[in-house]
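So this first bit is one chain, no partners, the form predicted on its own, shown in structure tokens.
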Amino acid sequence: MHVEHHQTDILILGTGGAGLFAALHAKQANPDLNVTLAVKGLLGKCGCTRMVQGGYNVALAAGDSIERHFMDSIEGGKWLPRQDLAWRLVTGAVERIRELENEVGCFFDRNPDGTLHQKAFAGQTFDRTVHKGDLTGIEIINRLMEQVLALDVDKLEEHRAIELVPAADGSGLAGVLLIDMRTGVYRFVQARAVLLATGGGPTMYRYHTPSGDKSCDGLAMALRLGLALRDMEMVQFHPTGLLGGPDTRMTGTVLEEGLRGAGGYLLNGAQERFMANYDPKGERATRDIVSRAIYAEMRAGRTTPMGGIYISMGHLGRDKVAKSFPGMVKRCADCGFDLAGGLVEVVPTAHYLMGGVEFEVDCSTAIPGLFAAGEDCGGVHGANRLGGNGVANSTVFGGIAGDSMAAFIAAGAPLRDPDKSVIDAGIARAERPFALKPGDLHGLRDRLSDTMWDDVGILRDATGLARGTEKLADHRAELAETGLSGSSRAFNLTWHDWLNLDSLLTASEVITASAQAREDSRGAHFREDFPETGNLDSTRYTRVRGDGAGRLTIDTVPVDFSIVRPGETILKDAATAAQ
């Protein structure tokens, strides 16, 4: 099979907030660097950052502090985050929001006195979420895209990464094998530094917020390369995904947390508020608690006509809701709902992977030459990501990655010769379905989503996880025997559906194995057979590795309480921490 070869200094996989910020910072550090952006879709038009509605957490206002933001993040993450990463997030957010405003050109909402408006988000002790109405992600990505397109960067749009290729001598990463989706041609891009910023995207669940092309490709490639993944059992379900019915792809898309922060009510099928029965914070409890409460109401049969629950905003005033949340009012109207004055059916929806590749504060990984940022990474959020910390994570660590890669190259990073056997193996894996008889790929994806929702979802137990493991093995065996019709590789979307399923199955297997290994309940991971959290002082995180043949090894590692220990606080006024 013919493979085209290219060379670059820096190859960035993904053009969300992490990828674009990395490109911007790398070129600012050294304008002479050759930077190549590779993206599965179109530059700045795909990925999860663009879909962010809610906003960006940052400690700016009087009375707030980075220490308070840090403690909220650690406590919200149930003491599982890697604390130096969480600290870098909250300190870097202050720097990055100023950069977004003053250098990138973002226009965020402001108070009458000219200060940035910051709204309430759940799980936080201060209103610190900067936003642009309810379309924050579009503002950030559009302005970032303008900045990056003004630079001298190379673009590989509609290019799918399928293999991280190590050096033949084992000294580090040599580059990445990609498929040009427009032509079906294989391309190997040799690079001195590579950034893994493909995003997560738990689209293996029945209801999910990311677009269907998000399929955890980066995590699957990292696992095959031998990198360790951590916290993969921690799948965040956003409590309020739009329930538009089976005939629209709008189902699962987020109705953002700001609705509840503004005072929105959650009602069961009998139109009764129920959150006070589950948590004293009511609708403003953390996402994991609200999602479990909604799921419990659904399981008890107290549901809406389509099987979810309602969100109600009308008591806040139609005009106020329409002005504050124009994007969501329009989105709901497209599906026949009146968000400003009526009831909207919602359901918990798989939203974010807290788990991912183990990485360092400078975004380096265990493989020299490979860097990682954004949702491909684990350790920042622990067991639960606070709403508003996601886009902060991507932009903070994306910028750090750009700086680090530029410094890495300045220190003499070489172009490494690739291990050709890995390229050959990657091509063989991608070509496999062309040698098989066509099968029911769409049905298989539906069966995978049912397995993950029913057995590895919001509420888990040993029986369900064991059943899910068996089903995943069956799905894997079915995919291995399922082929494609025809032989054209150019814009063959069915081929890419097959590759998506391969990656999603890998991620699903890791999530399930990690969930089996954690026999306690922590944040987004709730075991009905092990409902207690246990001793926080002995907190451990799960680490998963692959052997290249599909077998996983799992161990647990003590969390290093490098800044603060459970039961303690870094706030000067301890009473503030308890508010």
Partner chain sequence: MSDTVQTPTAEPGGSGIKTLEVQIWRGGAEGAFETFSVPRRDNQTVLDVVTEVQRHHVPDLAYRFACRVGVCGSCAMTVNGTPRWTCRTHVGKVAGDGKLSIAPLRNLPVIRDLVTDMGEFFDKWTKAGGKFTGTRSRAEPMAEVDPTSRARRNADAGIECINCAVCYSACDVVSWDKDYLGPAALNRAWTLLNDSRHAAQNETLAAATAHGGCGSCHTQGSCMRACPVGISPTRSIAGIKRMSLLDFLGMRRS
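No experiment lies behind these values; they were computed from the predicted model shown. Numbering follows the first chain given and starts at 1. Here the rigid core means the biggest group of C-alpha atoms that line up within 1.5 Å when the two forms are laid on top of each other.
The protein also exists as the form predicted together with its partner chain; that form is not presented, and the subsequent description refers to it.
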Using heavy atoms and a 4.5 Å limit, would one call S488 a contact residue for its partner chain in the predicted complex? yes
Can you check whether Y278 is within 4.5 Å of its partner chain in the predicted complex, heavy atom basis? no
Taking its partner chain as it sits in the predicted complex, is H208 in contact with it (heavy atom to heavy atom, 4.5 Å or less)? yes
Contact label in the predicted complex: T463 to its partner chain, heavy atom within 4.5 Å: no
Please identify the residue among S171, N111, S421, Q271 with any heavy atom within 4.5 Å of its partner chain in the predicted complex. N111
Work out which of A285, C106, L267, V185 lies within 4.5 Å of its partner chain in the predicted complex, going by heavy atoms. C106
So which of 453-461, 354-362, 377-385, 334-342 is the stretch with heavy atoms within 4.5 Å of its partner chain in the predicted complex? 334-342
Would its partner chain in the predicted complex be within 4.5 angstroms of a non-hydrogen atom of every residue among A262, A513 and I554? no
Taking heavy atoms and a 4.5 Å limit, what residues of 114-133 are near its partner chain in the predicted complex? G114, T115, L116, K132
Rigid core fitted, then: does R318 show a CA shift of 2 angstroms or greater between the shown form and the other one? yes
Under a superposition restricted to the rigid core, does M306 display a Cα displacement of 2 angstroms or more between the shown form and the other one? yes
Under a superposition restricted to the rigid core, does P246 display a Cα displacement of 2 angstroms or more between the shown form and the other one? yes
Per the comparison in the predicted complex, the P326 and F21 C-alpha atoms (change 3 Å or more) are positioned farther
Relative to what we see here, could you say if D247 and G439 have their Cα atoms closer or farther apart in the predicted complex, with a change of 3 Å or more? closer
